[in-house]
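Shown next as structure tokens: one chain only, the form predicted on its own.
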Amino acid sequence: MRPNINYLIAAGFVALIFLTIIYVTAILPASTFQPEATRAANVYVEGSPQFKGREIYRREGCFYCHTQFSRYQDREMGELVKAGDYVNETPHVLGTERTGPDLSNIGGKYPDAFHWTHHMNPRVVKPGSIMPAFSYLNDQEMSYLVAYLQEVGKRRKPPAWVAAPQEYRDRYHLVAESVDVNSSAAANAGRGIYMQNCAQCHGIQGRGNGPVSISMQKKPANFTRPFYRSYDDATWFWRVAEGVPGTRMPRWYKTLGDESMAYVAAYLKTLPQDAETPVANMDDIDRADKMDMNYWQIEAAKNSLGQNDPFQAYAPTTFKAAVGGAH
């Protein structure tokens, strides 16, 4: 029986499409994409503890649950990876699922004892973890595995001790072209936005003592802590935009524009961060019935107690005359 020519033509087109997909998605990238090694690229010398640990990592199927590629939109996972970071790794162990956390930057993050304990009994250091125990590994194998984990991402350094995700660094870079966050004008504008949206929780002076904070189990941040000196402009912008996980702080990017958030960041930078002023008792809480008072009256009362205000010079002229000039 002679085959129908139409079926042969259709089969030919299907085969052509299939081969084209294979070529475009596999063969072409493999033959043309040759990235150069970055400084974060690891070289696993055969026979070294790191090499043997990587073999154990593969053998135990750790990459079924853990990835080793931090993505552009990832949070709290460290610096982004680049293709050149993996040029020396064949076969790769990048993984495809995140049943467990990403391990791109795990190297040097915890001491050896943590990894050893974590693999012997994960629930000891991570309550609620669904990771199986690897207590059946002997001491030698465990030491190799720990050596490998301490090498992963060790050379990939963030730009600062506390750094915003790359997505927000790029986003802030764009808004900084129109907003000078180091200017007094931007900080003064941010002060108004802060008073309207943030002071109820964080307090007028940023001490985390706003009237709403009384009902919060997780208290608002106290911006007078020296810790906040490590925040750069992009990190302030990021925290204002997305809040802090585990707290009741809203994600302000849903209601404020980028410029408004940059103004708030400009103001937060001016708060004193050289010595922490803790909230010790209920008398330290900002009174709710005072929140709607004229702000400059509040500042006058504050300054009369000897608390300097770097923005007093920007008070309305009529107010300065009423209180006898700037403090």
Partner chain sequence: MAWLNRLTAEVFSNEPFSASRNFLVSAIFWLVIGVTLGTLAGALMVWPDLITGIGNLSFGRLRPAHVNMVTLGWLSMGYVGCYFYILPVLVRRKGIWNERFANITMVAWNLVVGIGIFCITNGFTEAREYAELGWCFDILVLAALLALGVNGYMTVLTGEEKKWYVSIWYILGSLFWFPLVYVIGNRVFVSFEGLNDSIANWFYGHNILGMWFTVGGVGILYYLLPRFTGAPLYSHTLSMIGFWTIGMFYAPTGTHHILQSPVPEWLKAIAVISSVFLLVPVLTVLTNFFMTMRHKWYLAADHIPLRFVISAGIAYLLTCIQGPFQATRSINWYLHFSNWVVGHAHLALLATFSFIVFAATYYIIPKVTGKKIYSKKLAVLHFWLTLIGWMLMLISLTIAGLIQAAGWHFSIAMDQWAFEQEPYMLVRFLSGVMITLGQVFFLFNIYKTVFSKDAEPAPHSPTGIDFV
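Numbering follows the first chain given and starts at 1. Predicted model only: the values in this text are computed from it and were never measured.
Beyond what is shown, the protein has a form predicted in complex with its partner chain; the following relates to that form.
Comment: its partner chain is not present in this chain, but in the predicted complex one of Gln166, Ser143, Ser129, Asn188 has a heavy atom within 4.5 Å of it, namely Ser129. Though its partner chain is absent from this view, in the predicted complex it lies within 4.5 Å of a heavy atom of just one residue from Arg71, Arg248, Lys154, Arg225, which is Arg71. Listed stretches are 189-197, 143-151, 71-79, 203-211; the contact stretch with its partner chain in the predicted complex is 71-79, by a heavy atom cutoff of 4.5 Å. At a distance threshold of 4.5 angstroms between non-hydrogen atoms, Thr67 is in contact with its partner chain in the predicted complex.
Contact check for Gly100: a non-hydrogen atom falls within 4.5 Å of its partner chain in the predicted complex. Its partner chain is not drawn, but in the predicted complex it has a heavy atom within 4.5 Å of Glu60. At a distance threshold of 4.5 angstroms between non-hydrogen atoms, Tyr253 is out of contact with its partner chain in the predicted complex.
If you take 104-125 and check each residue for a heavy atom within 4.5 Å of its partner chain in the predicted complex, you get Asn121, Arg123, in sequence order. In the predicted complex, the Cα-Cα separation between Val124 and Pro245 grows by 3 Å or more relative to the displayed conformation. In comparison with the shown form, the Cα-Cα distance of Lys219 and Tyr110 decreases by at least 3 angstroms in the predicted complex.
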